[in-house]
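So this first bit is one chain, no partners, the form predicted on its own, shown in structure tokens.
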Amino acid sequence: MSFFLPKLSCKKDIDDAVKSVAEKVLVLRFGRDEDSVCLQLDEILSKTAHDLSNMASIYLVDVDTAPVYTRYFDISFIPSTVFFFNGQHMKVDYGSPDHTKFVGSFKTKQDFMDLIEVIYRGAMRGKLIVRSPIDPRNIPKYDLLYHDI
């Protein structure tokens, strides 16, 4: 399903997308095309891309072709999804220690659509962090590699 979504293949492409997407949520999915969980997430992203086209632009980023952003966002688990609005990195409180990205795949299309709507509405009000509308049972759990630093 990943061939339905546009891909950003280098730092310049990502920078251009962050700068040029205006008045919409920019969704960057970091992962690999051959990974099964990434393919599961890509299916959800591609099925919702048309419905969310007024609120979001969705792009895929291969972690191997954009190592600068992979390190910057500390992408150690894939897939990881990062959100921007008008060039500003949007953070989401998922009830986990990391508010900078969503790690793993969304359980349902509706979870993803609800999250985009909350980010969009919060960003339009000037918020830089929003609370996730996703049921905590549907958020993948993982442990941070570093604690209390």
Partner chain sequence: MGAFYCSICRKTDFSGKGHIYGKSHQSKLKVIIVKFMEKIKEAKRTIKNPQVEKYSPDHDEKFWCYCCALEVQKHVTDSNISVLYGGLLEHMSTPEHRTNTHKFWWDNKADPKLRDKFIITEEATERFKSEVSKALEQFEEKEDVFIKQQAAVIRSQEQHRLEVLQSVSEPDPELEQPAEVDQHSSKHTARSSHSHSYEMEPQPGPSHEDFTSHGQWNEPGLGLTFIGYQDTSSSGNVHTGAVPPWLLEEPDEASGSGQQEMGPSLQEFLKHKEQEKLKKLPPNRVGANFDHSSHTDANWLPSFGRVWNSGRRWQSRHQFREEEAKTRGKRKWEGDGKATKKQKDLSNGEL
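Residue numbers count along the first chain shown, from 1. Note that the structure is predicted; figures quoted are calculated from it, not measured.
As for the form predicted in complex with its partner chain, it is not shown, yet the points below apply to it.
- Just one listed stretch, out of 110 to 118, 35 to 43, 53 to 61, 88 to 96, contacts its partner chain in the model of the complex at the 4.5 Å heavy atom level, and that stretch is 88 to 96.
- Taken together, the three residues V18, M124 and L128 all come within 4.5 Å of its partner chain in the model of the complex, as judged by their closest heavy atom.
- Taking the partner from the other structure, its partner chain in the model of the complex has a heavy atom within 4.5 Å of a heavy atom of V82.
- In the model of the complex, at least one heavy atom of E23 sits within 4.5 Å of a heavy atom of its partner chain.
- In the model of the complex, its partner chain sits within 4.5 Å of a heavy atom of T70.
- Of the heavy atoms in T48, none are within 4.5 Å of its partner chain in the model of the complex.
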